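One chain comes next, on its own, written out as structure tokens in the form predicted alone.
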């Protein structure tokens, strides 16, 4: 109980929560990062250096979702999530976009192995950390179906 009370007393007031999609290793103080952080008077260069250091293991131009919590004392914290499931599916399938009529037109097929590999990467995300791999796979299969991509046991 005392630990919870101490945490509440030391909590800093939040000015805003900013959500951006920034290419991995490509954060620069230009739009979209500059205006979004500048209006809360946050240190742009500190964010860009930290973000680029955290995302250097990914290929350049991989779209990374980042959530920035701006505090009233002009400091900030941010969490970086891996790219979206639809981005991974499109990369694995080798297509630019999904079907215009999902359920009627099938754009391409993916194997269950591809789904499993995407699920293993997504399991490292903070929000999927404690989800079973099977549940993540089912979610990925649902996303692929809604994009008009058929999941098969083995690719012929």
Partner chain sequence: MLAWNFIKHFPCKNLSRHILRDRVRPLCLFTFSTPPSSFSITASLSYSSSSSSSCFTDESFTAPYLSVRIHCPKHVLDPFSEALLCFGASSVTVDEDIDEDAASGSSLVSKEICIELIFPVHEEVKMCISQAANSIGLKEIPKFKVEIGDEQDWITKNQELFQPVEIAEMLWIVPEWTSPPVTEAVNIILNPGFAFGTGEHPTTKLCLLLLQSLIKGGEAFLDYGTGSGILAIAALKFGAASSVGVDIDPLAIKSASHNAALNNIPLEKLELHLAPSEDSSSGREIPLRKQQFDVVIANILLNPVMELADHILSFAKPGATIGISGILSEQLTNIIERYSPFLEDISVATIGDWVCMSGTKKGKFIDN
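Positions refer to the first chain, counted from 1. Nothing here was measured: the structure is a model prediction, and the numbers come from that model.
The same protein has a further form, the form predicted together with the partner chain, not shown here; the description that follows concerns it.
- Even though the partner chain is not shown here, does residue 19 get within 4.5 Å of it in the model of the complex, heavy atoms only? Within the cut-off, so yes.
- Is residue 131 close to the partner chain in the model of the complex, meaning a heavy atom pair under 4.5 Å apart or at it? It does not: once the partner chain is placed as it appears in the model of the complex, residue 131 has no heavy atom within 4.5 Å of it.
- Task: May I ask you to state whether residue 62 is within 4.5 Å of the partner chain in the model of the complex, using heavy atom distances?
- Result: Yes, contact at 4.5 Å.
- Answer yes if any heavy atom of residue 12 is within 4.5 Å of a heavy atom of the partner chain in the model of the complex; otherwise answer no. Because a heavy atom of residue 12 falls inside 4.5 Å of the partner chain in the model of the complex, the answer is yes.
- Query: For the stretch 37-71, which residues lie within 4.5 Å of the partner chain in the model of the complex by non-hydrogen atom distance?
  - Reply: Contacts from 37-71: 38, 39, 40, 41, 42, 43, 44, 45, 46, 49, 50, 52, 53, 54, 56, 57, 58, 59, 60, 62.
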